[in-house]
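Consider the single chain below, provided in structure tokens and representing the form predicted alone.
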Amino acid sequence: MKKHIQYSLCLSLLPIFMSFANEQDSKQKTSGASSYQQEAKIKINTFATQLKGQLQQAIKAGGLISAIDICKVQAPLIANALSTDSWQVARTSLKVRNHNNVADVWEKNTLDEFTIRKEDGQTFKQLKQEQLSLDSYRFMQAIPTGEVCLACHGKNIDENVQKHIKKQYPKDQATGFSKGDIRGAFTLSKAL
């Protein structure tokens, strides 16, 4: 009888312990996600700053044709250099230029969601998404189409620039954008 009472008492307390454990696990995941998000944002800022600087130098030195070549070579190198400590850093879009950057299912769904959220009035700073699972953390942040982007990604691209794009990227889809469109997104993942 005494063992039965102890067993019943343990069973009655189990939901309380499980609730506490779930709350603690949730706090740890939230804290972990927040920490990972900070790391992701630093990597995105580094990627954007380095690529923008190199593109500006290329445009000054040799025009848009040089910028296309720099983007093709340097963007993957920057992404690889930032892919350390179990992180993978890349960019993707619904309309890719480099077919190595085609969105997977989660990325595509996130980009579709970004489009809806932007139409609902969210700013680019708000267009970010994270996913935390037992074995990975993923983060995406939308990339806006700026005025300078239109020279290679817009609707009225210079004929020589367009020829060079087609030469470098025969399956290019990344044109027809307007200023303020979602050009794509930085996409990062970390193996846990």
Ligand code: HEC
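Since this is a predicted model, take the numbers as computed values, not measurements. For every residue, the number given is its place in the sequence shown, counted from 1.
Just so you know, the form predicted in complex with the ligand exists too; it's not on screen, but the next bit is about it.
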Requested in this report: Report the residue, out of K43, H153, R138, K128, that has at least one non-hydrogen atom within 4.5 angstroms of the ligand in the predicted bound form.
Outcome: H153
**Report entry** Any non-hydrogen atom of K118 within 4.5 angstroms of the ligand in the predicted bound form
**Finding:** no
Query raised in the report: Is there a non-hydrogen atom of V89 within 4.5 angstroms of a non-hydrogen atom of the ligand in the predicted bound form?
Result: no
Requested in this report: Would you please decide whether L82 lies within 4.5 angstroms of the ligand in the predicted bound form, comparing each non-hydrogen atom pair?
Outcome: no
Query - Q122, heavy atom within 4.5 angstroms of the ligand in the predicted bound form - result: no
Query raised in the report: Hey, which residues along 97 to 123 are within 4.5 angstroms of the ligand in the predicted bound form, non-hydrogen atoms only?
Result: R97, N98, N101
